[in-house]
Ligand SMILES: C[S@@+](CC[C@H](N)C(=O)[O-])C[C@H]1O[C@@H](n2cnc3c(N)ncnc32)[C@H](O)[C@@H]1O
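A single chain, nothing else alongside it, follows as structure tokens in the form predicted on its own.
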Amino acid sequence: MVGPTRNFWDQRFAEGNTPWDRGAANPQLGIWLLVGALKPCRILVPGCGSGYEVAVLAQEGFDVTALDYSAEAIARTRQHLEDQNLKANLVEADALAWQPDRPFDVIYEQTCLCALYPDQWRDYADRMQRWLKPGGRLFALFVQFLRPDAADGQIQGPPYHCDINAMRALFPEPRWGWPKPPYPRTTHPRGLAELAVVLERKD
């Protein structure tokens, strides 16, 4: 398999070597909830990691399914939920092989896309479209982490830089509806940032 393996992620979570981890939910999730852009529904969180967002969504009354293929990540998510007496559907599976029994209203995409090697992005994007109902929405946080060697064509990660032009090609109109830029930008203590974009499945 190209890119990070299951063992890679299990080791990272087991050792606590997770520099991307804020120790809390992404601030942009709180904004989406506060302004009413994101309301209780059936929602998928792929690449759930430590599960901070899963816990917030469960607390807010969402029917949450959390997906990760790292057993250590699922264990962390389960612990966060138990600590707060919350419930969610936890699925340990490969996002590039898994298929839900029915589509979701919303997908919250923050850490799965940027964790996959870019050669796998097309497959993942196609799967996300199938996971959503027609008219369903993708709440995406596209990681901005352009390393110096990118100028020489190097592909470095994870996390992999999600250039907004590449994202337009990956989620093209008219299959997806895009809002007009500029897009809200959330910074991270590790020097990366995320662009918040809400896409709508059109077909």
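One-based numbering along the sequence shown. Being a predicted model, the structure only gives us computed values, none of them experimental.
Form predicted together with the named molecule: not shown, discussed below.
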Taking heavy atoms and a 4.5 Å cut-off, does A93 contact the named molecule in the predicted bound form? yes
Should G157 be counted as a contact of the named molecule in the predicted bound form, where contact means heavy atoms within 4.5 Å? no
How about G136 - does it come within 4.5 Å of the named molecule in the predicted bound form, if we only consider non-hydrogen atoms? no
Test of understanding: in the predicted bound form, would C48 fall inside 4.5 Å of the named molecule by heavy atoms? yes
Consider the chain as shown here, without its partner, and state which of F145, W32, W176, Y69 has a heavy atom within 4.5 Å of the named molecule in the predicted bound form. Y69
For the interface check, one of 32-40, 146-154, 167-175, 61-69 should have non-hydrogen atoms within 4.5 Å of the named molecule in the predicted bound form; which one? 61-69
Partner contacts in the predicted bound form for 83-119 (non-hydrogen atom within 4.5 angstroms of the named molecule): A93, D94, A95, L96, Q110, T111, C112, A115, L116
